[in-house]
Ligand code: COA
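Single chain ahead, by itself, as structure tokens, in the form predicted alone.
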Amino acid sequence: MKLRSMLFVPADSERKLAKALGSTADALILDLEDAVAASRKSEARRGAAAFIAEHATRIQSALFVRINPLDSGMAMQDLAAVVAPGLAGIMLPKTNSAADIARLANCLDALEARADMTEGAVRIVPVATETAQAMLNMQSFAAPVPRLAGITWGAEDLSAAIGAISNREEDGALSPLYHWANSLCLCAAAATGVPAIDTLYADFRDAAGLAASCRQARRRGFRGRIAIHPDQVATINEAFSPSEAELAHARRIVEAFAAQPDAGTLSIDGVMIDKPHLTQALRTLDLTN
């Protein structure tokens, strides 16, 4: 499942849901959580369920739903409303550890059976750094986790959880805790064998800043990013897609090792390359799938 771009869409807004139909995002996240007022949760559930039923087979974007947290008292209502054919995944906010993924997976087992869906059809992307407990439990993502499709991180809820005035320093740079959250997300994704999805870029009018931030994120190992506005999607998709020059170089590395399978190191254009370069080349080529 390609997850370069995951666009949030408030599930209680008919206008925004309709606009999302034209999106080129790899995934739409029909939001039942933060973007929806408490008084409109039921309306959002109905909106998400209707959207999935009507459009899942008509659009290219995979359909995810961000439910309310497992301990909110609303998660089961959310799941009961939206687990149906066409749902690709659940985004789980305020995940405290990998044990929460197992809890959610158990619920999905029953709901998929009720809906006559293939077992395991609904994947999970947790927001893995939004609570203090989560930061202390990131080592729980140390091996493959059933149903996991990716891992993302968040800074806004974490700053609220610890009582920080801001998640940034006076010069605008992220404070150390949030750099740590970013890095832990990368490590957890690698340990579980799924893509790391970078958190949102809040200033949706700053296309240049978003592009620069995405390039930095990709260099660090992220495979995609959350979008909070449709205008961000094209920039994100471009940034997390390899260029023709990158693909050509990756093919040369793969071909060179294929031609000399017993070699530990090779030279391409006067630069020594070894097996880690081959691994990265294969990952680059995999981004086109």
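None of these values were measured; they are calculated from a predicted model. The first residue of the sequence shown is number 1, and the count goes up from there.
Just so it is clear, the following notes concern the form predicted together with ligand COA, a form of the same protein that is not shown.
Student: Going by a heavy atom distance of 4.5 Å, is residue 45 a contact of ligand COA in the predicted bound form?
Tutor: No, no contact at 4.5 Å.
Student: Within a 4.5 Å heavy atom cut-off, is residue 242 in contact with ligand COA in the predicted bound form?
Tutor: Contact check for residue 242: no, nothing within 4.5 Å of ligand COA in the predicted bound form.
Student: In the predicted bound form, does residue 223 have a heavy atom within 4.5 Å of ligand COA?
Tutor: No, residue 223 sits far enough from ligand COA in the predicted bound form that none of its heavy atoms falls within 4.5 Å.
Student: Although ligand COA is absent from this view, report whether residue 229 comes within 4.5 Å of it in the predicted bound form, heavy atoms only.
Tutor: Residue 229: yes, in contact with ligand COA in the predicted bound form.
Student: If you check 70, 35, 256, 53 against ligand COA in the predicted bound form, which one has a heavy atom within 4.5 Å?
Tutor: When ligand COA is considered in the predicted bound form, the option within 4.5 Å is 35.
Student: Could you work out which of 177, 200, 117, 76 is the residue within 4.5 angstroms of ligand COA in the predicted bound form, going by heavy atoms?
Tutor: Flagged contact: 200.
Student: Can you tell me which of 246-254, 27-35, 57-65, 260-268 lies within 4.5 Å of ligand COA in the predicted bound form, counting heavy atoms only?
Tutor: Checking each option against the 4.5 Å cut-off leaves 27-35.
Student: Going through 12-44, which residues have a heavy atom within 4.5 Å of ligand COA in the predicted bound form? Please give them in sequence order.
Tutor: Contacting residues: 15, 16, 19, 20, 31, 35.
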